[in-house]
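Heads up, the chain below is alone and in the form predicted alone; it's given as structure tokens.
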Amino acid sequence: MKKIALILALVMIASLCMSAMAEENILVTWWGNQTRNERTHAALELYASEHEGISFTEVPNSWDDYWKKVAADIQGDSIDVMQMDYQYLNQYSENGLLLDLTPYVESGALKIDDVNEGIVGSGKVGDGLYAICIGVNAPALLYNKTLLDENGIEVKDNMTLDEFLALSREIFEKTGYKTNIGYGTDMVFGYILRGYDIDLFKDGKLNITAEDAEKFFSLYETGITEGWLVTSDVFAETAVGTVEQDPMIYGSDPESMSWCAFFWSNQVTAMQNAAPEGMEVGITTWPSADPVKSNYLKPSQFFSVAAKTQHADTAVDIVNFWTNSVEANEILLGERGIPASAATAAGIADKLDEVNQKVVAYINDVVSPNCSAVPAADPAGASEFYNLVDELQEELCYGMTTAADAAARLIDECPANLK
């Protein structure tokens, strides 16, 4: 009997050990807003319910805090799945921080048959596939449609810069509301220059002159001089780039509020959810000297797997789930952009609400017929360059520098590896 009891105890211990070994806790991290946080959590709960022994550590952040935290944490093995942005893809992959997903595509573990080849290619660097697009979107100027309608002000698609400046002046004169020209929104700088046939980067280096840069900074100088630009102090106590604290919806005084916000088409839902009751959020294109040259369809975000993950197979399967599960995307409902998989997008079409149907119409009817190819992914060092742009924007808004001086300093002080 003692022998049998011993055997049973050993079997039980072995079983417990195997059970413990089977348990996997996957750390998934992303940036976003409260709507995204809630939907991501629900989708991960669905995955966990379908996969015994899998649990999640969820780490959401604001845009700025996200990249600071990821830069520190990804050097270890704590991160498994991370949301990735196009402008950081080269930097992270070239530094060996992301897992090459090519073998998983070849084995069939990661299915991308229904994803447009060009969209798949946007996640490649060299011969490796380091990111999978989890939504397609486009630059989108969101605006307080209710305010403008009440004052008889019309917003047209594909505005030129001159039309945008005239509109900003008209709105300020009639309503007192100011304009936020993408303060802290990195991609606006390159977007504006594309309208002049200027590529911000080329062959991994900065590709502009001070005269080129002044075309962007002069927009800020004009707005400050004429009084219709939101000033830097408005952003001092807020998380820049956060939907809930954007001056289009956050505040009670037109003096510190903006009629518009430079965001992305996948953020319309979050902005509408965060907007005060009775405000309808409109959507149009970012302004440009030549809107067709500037505008593009863009992978809204990617998912990547950290190179040092201890759970590579499961992490890749989560990316596969995100891409191909109609049930998961019925929860996510295009908050990060229209699903990249055509089959998945078709599977959720009848579940989209009025706001998301408006986004689909914007992508299909406004942007797609009037855009150019997506710009190449930013080179390593681009984040430091954009930080410098932000600093100069701030000085301009405080009246501490001129557009010409800001442009000269940008070229002179840009990161050495980009010169």
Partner chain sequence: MAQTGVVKPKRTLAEKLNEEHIAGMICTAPFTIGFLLFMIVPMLISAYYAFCDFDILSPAVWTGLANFKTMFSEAKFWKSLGVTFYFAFVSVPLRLVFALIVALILLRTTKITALYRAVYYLPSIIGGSVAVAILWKRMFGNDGTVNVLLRMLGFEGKIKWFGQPGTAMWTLIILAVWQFGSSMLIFLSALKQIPASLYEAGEIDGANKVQQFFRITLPLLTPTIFFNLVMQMINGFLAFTQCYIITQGKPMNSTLFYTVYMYQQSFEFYKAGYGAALAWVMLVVIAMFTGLLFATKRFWVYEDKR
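Residue numbers count along the first chain shown, from 1. For clarity, every value in this text was computed on a predicted model and none was experimentally measured.
Form predicted together with the partner chain: not shown, discussed below.
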Looking at 131-139, 267-275, 222-230, 89-97, which lies within 4.5 angstroms of the partner chain in the model of the complex, counting heavy atoms?
89-97
Do heavy atoms from each of Thr238, Glu384 and Asn387 fall within 4.5 Å of the partner chain in the model of the complex?
yes
Which listed residue (Asp353, Asp365, Asp65, Glu52) meets the criterion of a heavy atom within 4.5 Å of the partner chain in the model of the complex?
Asp65
Listed residue (Ala349, Ala342, Ala166, Ala72) with a non-hydrogen atom within 4.5 angstroms of the partner chain in the model of the complex
Ala72
Evaluate Tyr196 for contact with the partner chain in the model of the complex, applying a 4.5 angstroms cut-off between non-hydrogen atoms, and reply yes or no.
no
According to a 4.5 angstroms non-hydrogen atom cut-off, is Thr209 in contact with the partner chain in the model of the complex?
no
Flag Asp405 as yes or no: does it have a non-hydrogen atom within 4.5 angstroms of any non-hydrogen atom of the partner chain in the model of the complex?
no
Would Phe302 count as touching the partner chain in the model of the complex under a 4.5 Å heavy atom rule?
no
Hey, which residues along 365-398 are within 4.5 angstroms of the partner chain in the model of the complex, non-hydrogen atoms only?
Ser383, Glu384, Asn387, Glu391, Glu394, Glu395, Tyr398
